[in-house]
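Shown here is one chain on its own, the form predicted alone, set out as structure tokens.
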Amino acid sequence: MKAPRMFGVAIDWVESRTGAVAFIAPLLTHHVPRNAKWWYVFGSATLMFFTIQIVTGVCLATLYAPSAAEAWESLRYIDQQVPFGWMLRALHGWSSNAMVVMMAIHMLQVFLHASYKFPRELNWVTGVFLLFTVLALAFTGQVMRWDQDAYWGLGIGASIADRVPLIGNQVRGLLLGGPIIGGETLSRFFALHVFVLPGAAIGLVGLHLALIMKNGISEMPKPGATVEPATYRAEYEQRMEKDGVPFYPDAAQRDMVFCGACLVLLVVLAAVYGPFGPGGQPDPTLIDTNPRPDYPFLWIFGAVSLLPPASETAVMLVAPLVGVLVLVAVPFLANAGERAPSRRPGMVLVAALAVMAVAALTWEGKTSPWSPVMDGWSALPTPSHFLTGRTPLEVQGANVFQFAQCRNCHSLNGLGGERGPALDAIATRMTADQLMRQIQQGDGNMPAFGRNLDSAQMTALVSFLTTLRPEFEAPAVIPGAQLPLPVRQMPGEVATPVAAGTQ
């Protein structure tokens, strides 16, 4: 029996018992709009990255130790001892971020093209829940690193949960698996990350694909082509019979090309930049830390950090709920009418403002000028020109300035933290007495250092700070104080002050 015939017999045998071909064939042959071009590839790319997440996640689960005492070391073991283990972790981490980005772009495209209108309202709703499931997967994945960022990120999350009225303690206990962050916390998040959330995501993906098969892929919007629920289905079927093309190979070719390019980029990023973390081992006694979330959450990090203290609790608890309700309500508030972006300028403006806000807050969360540079005192030496020509007391003050970790929050010559003001010209703004009082008592965001420095260190530090001014700028003076009178001195004479009006 020839090979092709044997292959056909085998396919027939499997099909007669499973119906696999009858199930898969409609997925490949269903008609899609002929003008469904490159705008429609982002959903397939999201599915590809999700598949990579599952494959790499299963491999990592066989090596990861979900124990508070061993999780951090197991990641170090994967990175350093397992052949290409670092690459496996890098692919998993970068594909997680890529999946969030692709899903966000896909939903933005659906929003701009109003593809959520009748009869695809539930397509949008499942996409919204799938987006939040993917974000939850990304967050729990960060916890799996079990480093300083994970520990303090959980602490921040627990403090937010504790603000829920009446049941805050119970919500925090449910999140952490107990009153504190410990082994139970990691076990709980491991179960969420490996079992609960992937299962929910797979179910939502299956439901989303089933709804796409039921309702079809929307056409590219055209001005004047409105959606009328009473007649849309029949009109859509007529258009597909007249001008539709099979998904395979027409649309599938573009999906495969785009997914292939994304896969190459993913491998390059993973190979060049490596895996995310782990950072330092989690240590609750180390408060001198600067936790920062992964990229998908930097905009939230930036937004929360800029909230006025009086509104923090209300915004943290109400804003997420309002955001979810608004997103879910979108297709039910506008499920008919125009779809073309040119005929919906208000919605285009909303989308543009949302993108700009997320981009700005992400940049704010990344640069975080309100956050100190925790290694500024050790990694950023004092520029040499601030030491040239200084007295021994002023040089000693420069040493105090360095080792008291002032560089964590204050910059010199553009290097250092930005939590406090730059000190390059501080002597033009504050006198020695004002500097002494500011350092001893603190003010605003600056803590008091009166108990941390003895009198000799304080004197030396202030002496150094009073030298920090541009060469030709005068030092600061106390308002209302009299400047010293200029002197007039003839050769061989003793200098005498010049009274006003005598020059």
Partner chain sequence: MNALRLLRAASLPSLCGALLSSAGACDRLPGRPESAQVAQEGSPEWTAHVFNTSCRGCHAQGSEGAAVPLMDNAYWRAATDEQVTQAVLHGQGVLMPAFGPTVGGPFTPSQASALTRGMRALWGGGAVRSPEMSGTVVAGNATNGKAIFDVACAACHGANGSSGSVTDPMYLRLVSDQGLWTAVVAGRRALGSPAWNEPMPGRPNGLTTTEVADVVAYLSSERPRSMSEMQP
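The shown structure was predicted, so the numbers you read here are calculated from the model rather than taken from an experiment. Positions refer to the first chain, counted from 1. Whichever C-alpha set is largest while still superposing within 1.5 Å between the two forms counts as the rigid core.
Just so you know, the form predicted together with the partner chain exists too; it's not on screen, but the next bit is about it.
The stretch among 167-175, 101-109, 239-247, 80-88 whose residues place heavy atoms within 4.5 Å of the partner chain in the model of the complex is 80-88. The partner is absent here, but in the model of the complex a heavy atom of A271, alone among A360, L135, A271, V328, sits within 4.5 Å of the partner chain. Only one of G337, G182, G157, P381 lies close to the partner chain in the model of the complex, with a heavy atom inside 4.5 Å, and it is P381. Remark: none of the three candidate residues (Y64, S74 and R343) comes within 4.5 Å of the partner chain in the model of the complex, counting heavy atoms only.
Within 4.5 Å of some heavy atom of the partner chain in the model of the complex lies at least one heavy atom of V264.
Heavy atoms of D375 reach within 4.5 Å of the partner chain in the model of the complex, making it an interface residue. The shortest heavy atom separation between Q402 and the partner chain in the model of the complex is within 4.5 Å. Within this chain, T388 lines the site of the partner chain in the model of the complex, having a heavy atom no more than 4.5 Å away. Contacts between stretch 447-472 and the partner chain, counted in the model of the complex as any heavy atom lying within 4.5 Å, involve D454, S455, A456, Q457, T459, A460, listed in sequence order. A displacement of less than 2 angstroms separates the C-alpha positions of T56 between this form and the one not shown, with the rigid core held in common.
After superposition on the rigid core, the Cα of T29 moves by less than 2 Å between this form and the one not shown.
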